[in-house]
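Taking the form predicted alone, here's one chain by itself in structure tokens.
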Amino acid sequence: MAAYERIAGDLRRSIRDGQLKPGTQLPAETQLAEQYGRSVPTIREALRLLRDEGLIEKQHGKGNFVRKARTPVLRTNDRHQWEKDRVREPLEQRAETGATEHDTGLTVNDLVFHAAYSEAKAGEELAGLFGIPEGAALVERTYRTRYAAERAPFALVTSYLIRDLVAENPALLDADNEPWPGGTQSQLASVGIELDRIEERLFARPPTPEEAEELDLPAGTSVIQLRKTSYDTDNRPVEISFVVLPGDRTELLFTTPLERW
């Protein structure tokens, strides 16, 4: 075993045993070099290994710190029925909580929310998914929600609606009306659309550099790419979302009821 691996192992045990608590600043590289009787480059290799494992993080101009565990997210497949059940609840009740609160156990006052809307034209992929002509007008919506005590959002969400399908309610074209009490299903219900089912396709992949930076991912952490397609009771795709979930804090739970013999 190389010297840097032994040093990394010693620091790793200190972190996992709680001797070095989350948020604790590690000694300077020169101090660690003196403590372990090794060169500064060897110490840097040990610290790089711990950063790659997500155990520590380097803060520019400050040093290395034990990484704090981030708020976990449990995303289950019952969240969609939960959202549909809320469509008929009073506005005040729907405004009290949302899907992020459902998945994290946080309250609306714990969260920082941002939404942006823009007009887009359906390219080949979205035109095929929606079953509409290429170039048809869409409403592109991007969402970022984070815990106020953390700097990275829980997910990167880009959602698309067919503009002609929702334009009868101008409020659905204006991001100033976000966060919409009750979420997307309540938005669609305002133009008479009831969802019949939601299809989600998932796969894991390495993040792009931009995703890794925005999600504040430790080196080597994968993301979960989710494509969500919502179908109405006429079997039309009415909303499509692309969601990027950080692999270090997201748990997916699917429960499938089975028919009895």
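One rule holds for the numbers: they count along the sequence shown, beginning at 1. The structure presented is a predicted model; accordingly, all values stated were derived computationally and were not measured.
The discussion below concerns the form predicted in complex with the DNA, not included here.
Student: Verify the flagged residues 157, 206 and 241 against the DNA in the predicted complex: is each one within 4.5 Å by a non-hydrogen atom?
Tutor: So, no: the whole triplet misses the DNA.
Student: Want to guess which of 231-239, 215-223, 33-41, 195-203 is within 4.5 Å of the DNA in the predicted complex, heavy atoms only?
Tutor: Every other range fails; the passing one is 33-41.
Student: I'd like to know if residue 58 sits close to the DNA in the predicted complex, meaning any non-hydrogen atom pair within 4.5 angstroms.
Tutor: Close contact exists here: in the predicted complex, residue 58 approaches the DNA to within 4.5 Å, heavy atoms only.
Student: Using heavy atoms and a 4.5 Å limit, would one call residue 54 a contact residue for the DNA in the predicted complex?
Tutor: Close contact is absent here: in the predicted complex, residue 54 is far from the DNA, nothing within 4.5 Å, heavy atoms only.
Student: Does anything in 18-36 come within 4.5 Å of the DNA in the predicted complex by heavy atoms, and if so which residues, in order?
Tutor: In sequence order, 27, 28, 29, 30 come within 4.5 Å of the partner.
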